[in-house]
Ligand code: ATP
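Take a look at this single chain, the form predicted on its own, given in structure tokens.
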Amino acid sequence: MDEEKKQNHNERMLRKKAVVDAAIERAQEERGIVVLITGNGKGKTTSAFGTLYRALGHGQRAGVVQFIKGTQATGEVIFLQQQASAAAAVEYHAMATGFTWNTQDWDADKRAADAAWAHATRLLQDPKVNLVVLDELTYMLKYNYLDTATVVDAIRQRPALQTVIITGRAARPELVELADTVSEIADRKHAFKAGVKAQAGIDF
């Protein structure tokens, strides 16, 4: 790279640094946030658990409620349960009914959803819990197992410093409005659609 290009690059980086520094200076509010990870792409639960492990690295307490999933052991949960210190810092509950298209029993799913939501409600009221992960919660609202207004209100009323991560496809507009951060994962390609079998350690 010639000297003129280097100089132009350095000037662009200097301008970028000024913008970043100004943004950091403005962001001084300290409170818990709501993170919504939605979309049809792969990686929503994985992202939520990545943040969970990040929180544990800082010595925080957390709670996880997995709606729909739970009948098949996933690598994230297996690893969590293998780490004694992490398991002690995380309260975990799985609805454990499998996917709704497997059960085809709305009444049973509704009862399981209510039981899982009871765990979530307790976590959302505990100021000692820094992070609450509500995995696949969006399905509970989509299929009317849980009342959207009730869920939104409980999340709004949580302790001020508590952060909540919600995952799942087809998030309702109320969740998008509630969230401070929304990430939508697109589904451009997926190996499963090309006939590749789901793999332990990659897909679950």
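Just so it is clear, the structure is predicted and the values come from calculations on it, not from any experiment. Heads up: residue numbers just count along the shown sequence, starting at 1.
What follows is about the form predicted in complex with this ligand, which we do not show.
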Practice problem: May I ask you to state whether Thr46 is within 4.5 Å of this ligand in the predicted complex, using heavy atom distances? | Solution: yes
Exercise. Indicate whether Tyr139 is a 4.5 Å heavy atom neighbour of this ligand in the predicted complex.
Key: yes
Quiz item: Is Lys17 close to this ligand in the predicted complex, meaning a heavy atom pair under 4.5 Å apart or at it?
Solution: no
Self-check item: Contact of Asn40 with this ligand in the predicted complex (heavy atom, 4.5 Å)
Solution: yes
Quiz item: So which of 6-14, 19-27, 176-184, 191-199 is the stretch with heavy atoms within 4.5 Å of this ligand in the predicted complex?
Solution: 191-199
